[in-house]
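Okay, so here's just one chain, in structure tokens, the form predicted alone.
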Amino acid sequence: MLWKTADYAGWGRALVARGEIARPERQSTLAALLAEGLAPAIGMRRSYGDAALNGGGRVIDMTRLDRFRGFDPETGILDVEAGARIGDIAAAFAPRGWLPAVMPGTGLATVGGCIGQDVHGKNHHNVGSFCQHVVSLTLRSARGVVEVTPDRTADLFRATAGGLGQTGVILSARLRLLPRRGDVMVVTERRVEGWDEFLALLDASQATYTVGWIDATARGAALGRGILEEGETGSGLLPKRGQARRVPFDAPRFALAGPVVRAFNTAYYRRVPETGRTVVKPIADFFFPLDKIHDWNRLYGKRGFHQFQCVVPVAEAPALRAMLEEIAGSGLASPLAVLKRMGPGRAGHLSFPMEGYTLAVDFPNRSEARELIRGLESETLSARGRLYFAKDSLARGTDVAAMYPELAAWRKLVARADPEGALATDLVRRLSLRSAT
């Protein structure tokens, strides 16, 4: 039996769907499933909200379609099935001198998911978004199987890149990998005492990879304090990777109480000496630090969590600071908070990046946190910023439409690729992305 009814959720666990899931192991099986009718494709469900959910309908789990189909060592172009995971690609090709050009914060994200969200990484300010390094992709739309490229089918490519899987099921892709300098990451860590210093350091960074952890509980003169990490691939003695750990149960509510989080954040901030330090890390530890903790989403308890992630233009940095002040004052933030500088690179009509600053903060799924996030989303709109579909679970469609000025063009292209709306997901319906109503 190919279809199995099950309950499933995004990584945040706050939103749940029930429906039929098929998990084909061969392209021939997938073709037979799609001959019955299109259905949304999903991967490891590392998007936090409902981007990979289709309550009451069908989805196709692509995670067994993860084969490497070919690699050209002269050009660095990898041909791979859509279910392949970014971490597996990095592990397989780093010893051969190559890395995926863009890697999100988890190695468990699939290639298809990375295309559907046009993800960004710690080097966005240098190389842009994931789909800017996609040479071509094979897509199964309502019109059949088509090869999509940024040049020959530019409109369809821009609708597919960051297009949430609404133009068709991505079967495979050809990715341009980037050469690396060595087999480890050489990472410089330094304390940052406050918001203004953090932005100045992000603006001035010349590193290939740059990311900031920010203490979202600090207030007053310490507002915006954190740790800046700047990384380069390099050669050196490979440190031993720590043993992976698992969160065996849903944490109780008090585990993320305000005093506990503040104490943890203070200790984490002070782990870096005042003078800073340079450390050598395995590649996976730098890019995918939380992957070493299996089921870390259970730390938020059985109700799950929401993440707020926005990007605002450089000129709107004061608005982002005001948001951080609200977050710190609420006492609701978790230790997971990230600040990055983004460049202008984006490949699709609905791609998230814009040149500016992006802030991401996790919150336990509580009523007061949901109310706070909705306010922050309105402030993002006022600041001419936008929200990230891969993390969103609470936004309103009216706000999102104003954040993505190319939405109307995307709608027209999606209507041609999937005229019956068979690929719509819970997120697409919640935000009315495919209709103006």
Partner chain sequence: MNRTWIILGATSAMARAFARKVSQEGAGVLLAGRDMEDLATLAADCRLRGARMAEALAFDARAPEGFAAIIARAEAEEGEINAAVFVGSMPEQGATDADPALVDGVIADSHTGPARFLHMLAPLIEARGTGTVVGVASVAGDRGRIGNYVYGSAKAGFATYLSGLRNRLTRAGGHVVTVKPGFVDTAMTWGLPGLFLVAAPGHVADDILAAVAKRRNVIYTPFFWRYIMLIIRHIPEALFKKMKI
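Residue numbers count along the first chain shown, from 1. Model, not experiment: these values are computed from the prediction.
The same protein also exists as the form predicted in complex with the partner chain; that form is not shown, yet it is the one meant from here on.
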property: Residue contact check: Glu377 to the partner chain in the predicted bound form, 4.5 Å heavy atom; result: no
property: Partner proximity in the predicted bound form: Glu230 to the partner chain, non-hydrogen atom cutoff 4.5 Å; result: no
property: 4.5 Å heavy atom contact, Gly70 to the partner chain in the predicted bound form; result: yes
property: Heavy atom of Arg13 within 4.5 Å of the partner chain in the predicted bound form; result: no
property: Listed residue that, although the partner chain is not shown, lies within 4.5 Å of it in the predicted bound form (heavy atoms), from Arg298, Lys292, Arg191, Arg96; result: Arg96
property: Answer option from Arg64, Arg411, Arg58, Arg370, heavy atom within 4.5 Å of the partner chain in the predicted bound form; result: Arg64
property: Proximity to the partner chain in the predicted bound form (heavy atom, within 4.5 Å), stretch among 400 to 408, 48 to 56, 382 to 390, 24 to 32; result: 24 to 32
property: Partner contacts in the predicted bound form for 363 to 398 (non-hydrogen atom within 4.5 angstroms of the partner chain); result: none
